[in-house]
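A lone chain, given as structure tokens: the form predicted alone.
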């Protein structure tokens, strides 16, 4: 048994096909175009986004989001996960027509219910939508800065990393940083090493979501190692989206061997036919990592987690006891 922790998952993307189908019945929506034989179906990134949005649109109230968070975290706990951080989007809440606070409160209720039931800890990372531009990032940052919540401990950015230069997006991150939130951002997935370098220069995160294409620039790899930047790696997602053509050619082990701190995460698990448990299995079977090495990867995630030190110490004690 390897104790697990996850620091990169999009909560709407974590909804299982079964839960989405249940929500579809609730709202009278036909989801046959995105779910077939109990699985999400898409063939390229554009269709993936359509599938993702179709599933996400079926969560429309605080109660729906409480159910989503509790369901996902309960599932994680059953696979020996003790900690999860997931991305949320107040812009998404606004777009589907529910108050941002209802969205956050619903998710928080689900987190609390799962913790009561299983003992799993969880936190939320608020995000701006990169493809919506600097205004989205600033709006999201200002909202969470002005409406602090004890379970929102980080700030990041999702969306197409090929759009908008980090320099233009940095002001929103400064608002979040001033509010005491941990900083991460997606880079080095669909775009190359320049997106990682520019993010480090202008956004100054302690973590990078994905970051795996940094391997294309040896100087950048050394910088990541020297500065102790933690990469939120999602190998299963990368293969599904053709960032790499095989696990044998994935950069995870090369980055790790170069001294970069790497973690294992599921991203949008059912969409990529994966789970956190499968990501750890990939670590063992495809990358040849031992249980001790996988446990160290969990420790890296806990060290990088956006939590208070008492919570971190308690989580690491659970890891050590196991």
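Numbering follows the first chain given and starts at 1. In this text, all values refer to a predicted model and were calculated from it rather than measured experimentally.
Unshown form predicted in complex with a small molecule; subsequent notes refer to it.
A.B. asks: Sort through 31, 49, 294, 253 and report the residue having a heavy atom within 4.5 Å of the small molecule in the predicted bound form.
C.D. replies: It is 49.
A.B. asks: So which of 153, 195, 89, 237 gets a non-hydrogen atom within 4.5 Å of the small molecule in the predicted bound form?
C.D. replies: Only one listed residue qualifies here, and that residue is 237.
A.B. asks: In the predicted bound form, does each residue in the set 159, 210 and 268 place a non-hydrogen atom within 4.5 angstroms of the small molecule?
C.D. replies: Every listed residue reaches the small molecule in the predicted bound form, so yes.
A.B. asks: Want to guess which of 112-120, 72-80, 184-192, 217-225 is within 4.5 Å of the small molecule in the predicted bound form, heavy atoms only?
C.D. replies: Looking at the other structure, the answer is 184-192.
A.B. asks: Should residue 45 be counted as a contact of the small molecule in the predicted bound form, where contact means heavy atoms within 4.5 Å?
C.D. replies: Flag for residue 45 set to yes.
A.B. asks: Give a yes/no on whether residue 241 approaches the small molecule to within 4.5 Å in the predicted bound form, heavy atoms considered.
C.D. replies: Judged by the heavy-atom cut-off of 4.5 Å, residue 241 is in contact with the small molecule in the predicted bound form.
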